[in-house]
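Read the single chain below, which is given as structure tokens and is the form predicted on its own.
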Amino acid sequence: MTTERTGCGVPRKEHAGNSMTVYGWVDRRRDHGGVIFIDLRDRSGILQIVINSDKAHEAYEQAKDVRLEWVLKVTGELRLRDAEAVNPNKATGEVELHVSSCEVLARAATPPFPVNEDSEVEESIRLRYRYLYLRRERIQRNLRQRATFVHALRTAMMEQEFTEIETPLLIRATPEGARDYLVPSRISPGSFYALPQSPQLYKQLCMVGGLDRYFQIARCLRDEDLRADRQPEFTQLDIEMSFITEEDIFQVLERTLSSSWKAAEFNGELPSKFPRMTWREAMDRYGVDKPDVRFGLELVDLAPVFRNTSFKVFADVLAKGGVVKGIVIPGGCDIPRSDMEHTYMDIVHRARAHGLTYLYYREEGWVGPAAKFLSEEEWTTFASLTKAKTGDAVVIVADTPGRTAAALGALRNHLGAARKLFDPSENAILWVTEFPMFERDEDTGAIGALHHPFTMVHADDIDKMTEDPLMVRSRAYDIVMNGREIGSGSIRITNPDIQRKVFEALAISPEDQQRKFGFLLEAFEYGPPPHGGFAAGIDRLIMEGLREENIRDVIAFPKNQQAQELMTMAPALVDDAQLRELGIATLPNPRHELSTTPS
């Protein structure tokens, strides 16, 4: 069948006069009484088909009942369109196929949404009928560019002498931050595999094995809450290298991503060398460790203004070791008080900060809830620090350092988008380095690893491990693009003394160390090379490259916000016989059962 096929998007004016056969779906149909026009669509594009009752009566009779999304095989002669009928918006707009025969290969029910336009479709519907949504030109283009990008990534890695190695999907459960998806073992009743959150431990073992340069287009799974840029299963470019420093990894990723970006014809360009910024600088300037540097609105430390102020709320925060910081909003006097007190306040509260105050710099001077508390000297300091101009506004948060940074960082991101402060066609990519080694859970007070417990400690901070672990920097690094974390990595620990100190700081007992990581620690007794690596989120990179707002539009078969795959209705209940074979019994929990109809 396909040997005679011409793609619908292939014919051009130089092919006029040729006989050809095309296959595809009916995208549009127009009956002009004696002449039927059909736009036929396949993955290559759309071609106008002309069926004339006088010249192809049998084909015309076939086409009379044809409806949208029917599948046709059409043969005819390609001709130039009349000058007034040329469609400059279509690649095939100068030609049309005059039909001699038409065969209906498949009929189609009326689709639950228009396939031939890029209109909005309610999420549950487009996921329930994903195979129909995949017919849309935008989604097909996205997936083709995705394939080109992944191919370019693989080519770039091979050119740099990396070896592609597939690591297991059924592994031992290990604590890497998110919840594992567990898989019961039939052979070993009561025991479970985990699906990999990343190939982290295996790629480090590849380095112990002397493979030197590993990479993988890896499928990873994490049982975590979803959002617009996160799915429970995702794809990453995973690499590990021996006998290197951070700079070696930076150079490999910069070359790989910039060349692959260009090959996929993504939006904008990536530089051949990415700027660098420490975590401390990012937090001080932008309030987040994944700053969007396409616009300003940097945080201003206002402690010198309020340390001795009569504004007791701010003075008390500073006295308890907190901070007072603000953002100057150019032209912000146009922001209604209702936005300040509701929209902005909600953003601040979601970051767990207690609240915000604001000041407007009008022609008559500063006005706002805190204006009456400042002395003349404090106003002078305030003006010097903020450099505000008439018409500007300043929003201020006073809280713990972490909550203040998080609140103003979130508010800054909101302002950047809402006030259109950046060019959406621009790409701003950078390395963020020297992350803290540890972080404290605000709810439990427990200390955890910010990246993972195998991240190497900064050489200058090793002595701080027992004194003040929260002040210890790591040799971890992230790539951040347009305010979104694209990937992360680190130099790994191979010194057993340092590894023990990290485990002690994390309150992991020697018994738990052996139980959870014994195989890795044992491997490190056999001459581990110094090594490090990185994992870049391919889905997020493609999302940025195609300027899509939701990661689901760059994945063929994504899950919804509840991690459900509505097309096949997964997850689903299984037969009791299967559970008995696995030695598993389930407790009734209707809240977690997947409905049999999309909601």
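Position 1 is the first residue in the sequence shown; the rest follow in order. Please read these numbers as outputs of a predicted model, since none were measured by experiment.
We do not show the form predicted together with the RNA, though everything after this point is about it.
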item: Which of 322 to 330, 99 to 107, 223 to 231, 375 to 383 lines the interface with the RNA in the predicted complex (heavy atom within 4.5 Å); value: 223 to 231
item: Non-hydrogen atom within 4.5 angstroms of the RNA in the predicted complex for each of Thr21, Ala263 and Pro401; value: no
item: Residue contact check: Asp31 to the RNA in the predicted complex, 4.5 Å heavy atom; value: yes
item: 4.5 Å heavy atom contact, Leu546 to the RNA in the predicted complex; value: no
item: Contact test in the predicted complex: Arg179 vs the RNA, heavy atoms, 4.5 Å; value: yes
item: Contact of Pro453 with the RNA in the predicted complex (heavy atom, 4.5 Å); value: yes
item: Heavy atom within 4.5 Å of the RNA in the predicted complex - residue from Ala507, Ala147, Val183, Ala85; value: Ala85
item: The single option of Leu318, Ile244, Val121, Leu143 touching the RNA in the predicted complex, heavy atom within 4.5 Å; value: Val121
item: Heavy atom contacts to the RNA in the predicted complex at 4.5 Å, residues of 40 to 75 in sequence order; value: Gln48, Val50, Asn52, Ser53, Asp54, Arg67, Leu68
